[in-house]
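Take a look at this one chain, the form predicted on its own, written out in structure tokens.
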Amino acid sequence: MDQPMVGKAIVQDKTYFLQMREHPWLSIGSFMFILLLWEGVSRMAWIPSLFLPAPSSILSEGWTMIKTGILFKHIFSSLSRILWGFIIACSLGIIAGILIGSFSIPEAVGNPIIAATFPIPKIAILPLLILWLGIGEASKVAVIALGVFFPMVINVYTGVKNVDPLLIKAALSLGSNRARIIRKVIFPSILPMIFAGMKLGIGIALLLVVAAEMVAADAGIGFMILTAADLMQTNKLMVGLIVLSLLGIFFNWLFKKLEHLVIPWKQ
């Protein structure tokens, strides 16, 4: 009679141990402490403002850029490139990952190609893309799409390979064909891996859009950062870095919300 109770107590203790407490005020307080320390160091001129401007001066510069509209111009230029590249990469990555994971011939053809091309830094391909597609938007969207495609296809392929085989056998025993199994069994099972690929991909997209805009662009966050660095305008440069950080936080929050909405059973 006592053994089940002991086992139950152990499980409860493990559950309690695994439940991490949230400390929102501690997170906010530590962030504010860093900002205040940064402001104090800058105001006491321990570090020249050219190298590390104060947060207050960065916020002032950002507000000025917002009022003139120049900041929104750069943000919208970068976001449009990210959006198109991300949509193309996610669509192709999901299709390719499912095909490679579900069929032997695509797997035999696709795996060596992905293994050979994945390690190549995508920004290194940008000059070739500019030669092929021109210096306009197409080359920038293409390099973003290439960068996002690989984490998507690898995550989807891994998800397909890890689908519970009992689910597939059950669907086959009920008379489902392969297309129906992909639609009704495999795709719902790999949704967590799809969102994992999206979260990885959006970070890569932010990196690549900045790099591409530094090479060939007349607007965008990367162009703004490079121009500010050339003119020694550190405040503007820091505004660009902060905008990138905020975009990363926003996209991470957005994908978490979408994941909770699309796959509520994962909670």
Partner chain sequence: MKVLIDHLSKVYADRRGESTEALRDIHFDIRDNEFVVVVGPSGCGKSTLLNIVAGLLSSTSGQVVFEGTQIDSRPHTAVVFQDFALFPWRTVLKNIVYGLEERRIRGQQQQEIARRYITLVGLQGFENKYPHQLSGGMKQRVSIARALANDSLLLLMDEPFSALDAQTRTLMQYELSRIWEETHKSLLYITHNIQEAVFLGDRVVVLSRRPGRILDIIKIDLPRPRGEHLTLEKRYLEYVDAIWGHIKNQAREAMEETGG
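What you see is a predicted model, and the numbers here were worked out from it, not measured in a lab. Numbering follows the first chain given and starts at 1.
Below, we turn to the form predicted in complex with the partner chain, even though it does not appear here.
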Exercise for review: Find out whether any non-hydrogen atom of Ser173 is located within 4.5 angstroms of the partner chain in the predicted complex, and reply yes or no.
Suggested key: yes
Practice item. Answer yes if any heavy atom of Leu167 is within 4.5 Å of a heavy atom of the partner chain in the predicted complex; otherwise answer no. Key: yes
**Study point:** 4.5 Å heavy atom contact, Lys184 and the partner chain in the predicted complex
**Key:** yes
Review point. Does at least one non-hydrogen atom of Arg180 fall within 4.5 angstroms of the partner chain in the predicted complex?
Key: yes
Point to revise | The unique member of Ser189, Ser91, Thr158, Thr117 whose heavy atoms fall within 4.5 Å of the partner chain in the predicted complex | key: Ser189
Point to revise | Interface segment, criterion being heavy atoms within 4.5 Å of the partner chain in the predicted complex, picked from 120 to 128, 97 to 105, 159 to 167, 138 to 146 | key: 159 to 167
